[in-house]
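Presented as structure tokens, the chain that follows is alone, the form predicted on its own.
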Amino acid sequence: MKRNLIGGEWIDGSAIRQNINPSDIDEVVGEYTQADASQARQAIDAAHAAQRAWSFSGIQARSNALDFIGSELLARQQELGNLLSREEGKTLAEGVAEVARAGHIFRFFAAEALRIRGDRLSSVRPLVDIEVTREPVGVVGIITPWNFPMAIPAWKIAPALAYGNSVVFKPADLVPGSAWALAEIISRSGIPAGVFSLLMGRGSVVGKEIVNSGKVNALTFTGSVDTGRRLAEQAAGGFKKLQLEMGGKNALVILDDADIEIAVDCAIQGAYYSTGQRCTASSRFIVQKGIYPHFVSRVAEALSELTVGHALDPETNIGPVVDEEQMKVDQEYVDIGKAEGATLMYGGEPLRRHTRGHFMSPALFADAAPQMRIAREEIFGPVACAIPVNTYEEALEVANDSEFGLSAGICTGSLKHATHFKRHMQCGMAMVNVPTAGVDYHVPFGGTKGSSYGAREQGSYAAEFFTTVKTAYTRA
């Protein structure tokens, strides 16, 4: 059984949770302890006590620790990618790539720790100098989702530590294995006891303590819109610094002048890989009518050529849905799409494989309308719909008609339309002839409207959330 890391010690919890493989529900990946409220408070107290010394430990010590973590992740990417794929359901290739990405993120912030920037300015008053510096926020609570169990924790934990904060980390219940493996590496990196704690446990118990504690200075969360709203309401009373990454209903616009093969590849990669379980997934194909019939038929054909199966099978293109509950949601939306009058062009059925798992054929709806639920609500599964439009202007209007604004893409050969789209699409990340899902780790990540709240994640822009600015005046 794997234990929680609290104040530098591995500690038993109040209960045990089995980690089940969604590719084979008869396989238990491992058993992981569950923290209770008192242990959450213990971890927060340890983080609070350790943070100040860590912030003054020196940038080289922080850089060395992060480089150690990143280097070990890269060295063990095959092993840890296998674990990730077994517990989350990504294909093995995707699991290995995610661990590698986590490793690169830690190494990126190992370098960032050595170049924390400030400014020295002249005052409007004679003989006075001004220094603007960045200091750590303090104790950072980190709550992460199940769909990227290595990458998302990495892009939150690494900058938090790089800038001198201490961390209390609560991973999603469905993916404790990746979280524990990452925590075990961090525990050997030279980081002092208490600076980093792992709390596996229920959000209603552990998450509640993190959100409500007066000793937690900042909270960064990735997950559902409903949970994000609740956390925002709870955190507001404590004046916590808040960063929320939530949902998406991302549009991929296909214009008549698009290269059809590029458009189909963007659709398949963006909407269906990782079983569509990405907040950046393309779930709305907004297609100009001249290319619409060809595009829809080609996407359906491409889907028929994909293999759905066990995540560790090298022939698999799409792994299982993460669990039974998400599978039910996906199937409900297939039924909703049919009832709304959209045409199911391909897929949507539960599948049987040689192991008992949550397998589903990727679903494509055609002839959807913008007001349909399948075109407005985040499904978080391998389900996408195609919406026909007449003009680029109509496509842009439909794409922007959403409560979300995370990622959006356009496939076109027109520089004019691509440039206009990048400026006028209401989103945090705009893609031209590349999938909406799939982003680099050294540049900002985040959205607009209901998708994100607070400062951007990743890259040098992470400093905006994980530091606070101090202005100092000195008279010589």
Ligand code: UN1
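Since the structure is predicted, the reported quantities are computational estimates derived from the model, not experimental observations. Residue positions are given as counts along the sequence shown, with the first one as 1.
Beyond the structure shown, there is the form predicted together with 2-aminohexanedioic acid (UN1), which is absent from this document and is the topic of what follows.
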Review point. Residues in which of 81 to 89, 304 to 312, 115 to 123, 273 to 281 have heavy atoms within 4.5 Å of 2-aminohexanedioic acid (UN1) in the model of the complex?
Key: 273 to 281
Check your understanding: What is the one choice in 40, 65, 46, 437 with a heavy atom within 4.5 Å of 2-aminohexanedioic acid (UN1) in the model of the complex?
Key -> 437
Check your understanding: If you check 155, 180, 333, 359 against 2-aminohexanedioic acid (UN1) in the model of the complex, which one has a heavy atom within 4.5 Å?
Key -> 155
Review point. Is there a heavy atom of residue 101 lying 4.5 Å or less from a heavy atom of 2-aminohexanedioic acid (UN1) in the model of the complex?
Key: yes
Review point. Taking the shortest heavy atom distance, is residue 54 within 4.5 Å of 2-aminohexanedioic acid (UN1) in the model of the complex?
Key: no
Exercise for review: Answer for residue 421 alone: is it within 4.5 Å of 2-aminohexanedioic acid (UN1) in the model of the complex, judged on heavy atom distances?
Suggested key: no
Exercise for review: Find out whether any non-hydrogen atom of residue 243 is located within 4.5 angstroms of 2-aminohexanedioic acid (UN1) in the model of the complex, and reply yes or no.
Suggested key: no
Review point. In sequence order, which positions of 242 to 271 have a non-hydrogen atom within 4.5 Å of 2-aminohexanedioic acid (UN1) in the model of the complex?
Key: none
